[in-house]
Every structure is written in structure tokens, then in C-alpha cells.
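Next up: a single chain in C-alpha cells, the form predicted on its own.
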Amino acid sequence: MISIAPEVASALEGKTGVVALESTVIAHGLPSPHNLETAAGCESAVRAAGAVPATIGLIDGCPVVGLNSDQIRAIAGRSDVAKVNLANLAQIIAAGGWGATTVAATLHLTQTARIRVFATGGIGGVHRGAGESFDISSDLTALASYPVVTVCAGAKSILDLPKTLEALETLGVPVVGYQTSELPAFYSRSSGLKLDLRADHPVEIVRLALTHWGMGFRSSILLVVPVPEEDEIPYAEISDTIDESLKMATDRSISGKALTPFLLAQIAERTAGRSLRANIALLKNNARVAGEIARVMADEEKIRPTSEV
């Protein structure tokens, strides 16, 4: 039920390394023209690292793995592009609709296409106040279900980070710091939360992932990469901005699916665009790291017996 672009199919067949990229950031995450510029920048970063990018989205009800430039521009510009998660993926396909895939939906289609590496910005998780609202992202259950190396800058800093980290541990998802021993907090390089697992080179990640899956586990390896130092907003500085934005959302009764885009827009405004620059920088950096991992993964899979993979 999916369409795989010829370049992506060829790369998968030849084991030359492929990186899946989500499309919600294009349709709903970044303002124009930054969305298109960042999408192109992420694909370029993957290519520069020696892998093939595969941006994923829904075109007229068909999941496409490897959107071309015209399709990406259409997803960026149309007003009827749905935000696709695991709960509505089948409905949008059945209705012949257009959709931009979230982390969870992208993971499902990534696994369906047999792609091993996925790059995004920040994952969803346990929202603050989830004890009353039960607002917990389906990204967490998707990460527990799909054997993919997911490269991100940690969970979005608007979330309850300690509870998100605890939930990932409960779900059996290895959270690995890339050249760090602390959980990054999206805009910030550190959250103060220590990690048990760390890797400093793509080879370490690939061997961990293949061993994890070879033992029968089906969860993702969540690789958390700090935002580039020159673009970060320190956590102590951004925390007040997040608290103010959350209070405004509460005062306006904004919740559910509308909450995250509202908060991100408020934070961008209150930081005079610094959060937007950090977001773009970490997306491109994650794509680069994912490209390096995908290249090593392809090489490693060529020499490992299928039973080990």
C-alpha cells in the first residue's frame, strides 16, 4: 500500500544506507519559507553523510517513501494536509487524503519500507499535567514497537522530561546519548537528567541496534543528540519562557493536539526567533548524524548473517 521512490528502492536493494525523514515539520512545524529550506537542508545533510534521504508523506491517499521536490512543496503549501498519527493513518489513506506524518506515523511507514534509520527533531512524550489530562504522545508506544534507530534532540522541552524518560524505560526503549551522558532538552544541550547509555561513534550505535534486534527485541534505539552548541538556548533560560507559554495556554483553554503548535509558536515569539534557529539547526544536525549511522548500518548488514539482523 505504499509507494517507494526509485532512488530509495535502489538504495535499499543495494544496501547503501537510507534515512527516513518526517513531513509534519514541513506542513505544521515550521513557518514558510523555513519549512522548505529546512526540508532541503535535511535531505542535503543526509546525502553529504553518504546516505539517501526518504522524506515520507501521504499524497492522494498513498503513503510515499521518498517524496520528490514537487510533492514536498505541495505538502508545504496546501491547506488540507492532515497531521497523520497512528490513529488516523488508515482513515486518511481510505479517504484519499493528503497527510504529513508525525514521528509515530513515520516510524510505522519506515518499518513497512524496511528502512533502519529515521531522523526527526524532538519526540513527543508525557505532557506536563498528564496525571489529570492523560496527554501522552503515541510517539512513545511507536518507539516501543518499531525496530528503527530514531535520531532526535531528545523530547520537546515543553514536556515533562523526567516522566517521559521514565516512560521510555518502562517501555523498554534504550535511550542512548550521542557524545553526551545527559538527556538533551531540544533547544538545550542538557536537561540535568543522566542517561545510563552513551555512544560516541556511529559504529557503536549500529552494533548496539543490531544486537538489540538480534536478541528479539522490537523497539527502537532512541539516539538523543544535543543541539549544536552555537545554536542552543540554555535550559535555565528557556524554562521561564516555557512556563509563561504554558500558563497562557491554560488561560486560553488550549489543550490536546492544538497545544504543541501553540506553545512552539509562543516560544519562538518570546525568544525573538532564537528557538526557531535552534530548531532548524538541530533538525539538520540530526539528519547528518542519521546519515552517518545509515551508511555504517548498510556496511554492517552486508557482512552480518541475516539471522543476526
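Each residue number is its position in the shown sequence, starting from 1. For clarity, every value in this text was computed on a predicted model and none was experimentally measured.
Quick note: we don't show the form predicted together with ligand PSU, though the next part is all about it.
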In the model of the complex, the residue from 188, 164, 120, 110 that sits within 4.5 Å of ligand PSU by heavy atoms: 120
Report the residue, out of 49, 264, 59, 36, that has at least one non-hydrogen atom within 4.5 angstroms of ligand PSU in the model of the complex. 264
Judged by heavy atoms and a 4.5 Å cut-off, are 150, 284 and 292 together in contact with ligand PSU in the model of the complex? no
Using the partner position in the model of the complex, report whether residue 103 sits within 4.5 Å of ligand PSU, counting heavy atoms only. yes
Is the gap between residue 260 and ligand PSU in the model of the complex 4.5 Å or less for some heavy atom pair? yes
Any chance residue 29 has a heavy atom within 4.5 Å of ligand PSU in the model of the complex? yes
Heavy atoms within 4.5 Å of ligand PSU in the model of the complex: does residue 99 have any? no
Tell me the stretch among 198-206, 121-129, 170-178, 72-80 that has any heavy atom within 4.5 angstroms of ligand PSU in the model of the complex. 121-129
Can you tell me which residues in 1-40 come within 4.5 angstroms of ligand PSU in the model of the complex, by heavy atoms? 22, 24, 25, 29
